[in-house]
Ligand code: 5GP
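Have a look below at one chain only, the form predicted alone, in structure tokens format.
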Amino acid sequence: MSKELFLNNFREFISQYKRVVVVSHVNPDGDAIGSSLAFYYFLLKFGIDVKVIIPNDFPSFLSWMPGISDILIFDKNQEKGVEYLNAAELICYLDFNHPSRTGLVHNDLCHCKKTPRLLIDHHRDADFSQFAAYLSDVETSSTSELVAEVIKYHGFDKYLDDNIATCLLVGIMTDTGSFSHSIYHPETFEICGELISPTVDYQLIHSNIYNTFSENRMRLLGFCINNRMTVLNDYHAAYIYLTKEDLDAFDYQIGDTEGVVNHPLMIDNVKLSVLITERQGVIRFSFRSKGDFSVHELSKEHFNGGGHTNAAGGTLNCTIDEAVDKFLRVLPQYKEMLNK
């Protein structure tokens, strides 16, 4: 389904449904929350009964966002979440394209097989056959930007308000690393320009996201760089690893490692940065890169993950030592590409 076809048919399509559930992925980030809440506010304007469900809690630096208290956190209220899913006439996937990305929600999503699905997402490898309608573009900065395009098509003058604008700016800002990557065309900046107004303060939004560290989070960042960062000059790469004990020592809260993986990329000759953390019984990888080195391909091939050219994630079921060892064994395969 082309973007033009989706936009042309969206109003007629969505008007068929009165009860809608918006779902996003496990460990939701700024784009997951921002796009879901913006879409939630947009659907409310059509008189739709809509609920946002996320699998687990969001980072504390997003707790100020409009509508955040209306979100149902599934692992805190599973019974109510199942009730909403079973009653839904349409389930919307935002910022992910496969139910396996929804953690505890996965099984209950699969039980709702007959409920139509709508997809708005910017990640790769989507199976479009499972969706009644979809808007997917891997060369768009964020799912929030795609939601902004939907709303703009139907008229910013009619549907845009401060809550929607704020949520969209949060999503775009966080998924581009404060506009440092994943921007494929000037429309990203043009849309952000239209979202900012005298009553939507970009500087305050930025401050609410990036200047609200707890003392423990700041000390954890220092520990990561001073004690857990290894630079591999022969590969123009660096990695940071954190054990469960490391996280516990700094009273880890959801979101405290957000952005840590970006710091090694500030080193002049580092093109690839990896954060390896031991959390929730699995090893999680966060990959970032400069230029055209694809961490999506690296993660997809070796770490059960994927994402975008310059930002991706993955998981392994192993020990932290085994995870680091695997990364070091895989890295030589990419030496030539990283040395270009």
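Only a predicted model underlies this, so the values are computations on that prediction, with no experimental measurement involved. The first residue of the sequence shown is number 1, and the count goes up from there.
As for the form predicted together with this ligand, it is not shown, yet the points below apply to it.
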| query | finding |
| --- | --- |
| Proximity to this ligand in the predicted bound form (heavy atom, within 4.5 Å), stretch among 61-69, 48-56, 279-287, 33-41 | 279-287 |
| Selected contact from Arg228, His181, Lys152, Arg101, since only one has a non-hydrogen atom within 4.5 angstroms of this ligand in the predicted bound form | Arg101 |
| Touches this ligand in the predicted bound form: Lys271 (any heavy atom, 4.5 Å) | no |
| Contact label in the predicted bound form: Leu298 to this ligand, heavy atom within 4.5 Å | no |
| Contact of His123 with this ligand in the predicted bound form (heavy atom, 4.5 Å) | yes |
| Any residue of 293-316 that, in the predicted bound form, places a heavy atom within 4.5 Å of this ligand | Asn304, Gly305, Gly306, Gly307, His308, Ala311, Ala312, Gly313, Gly314 |
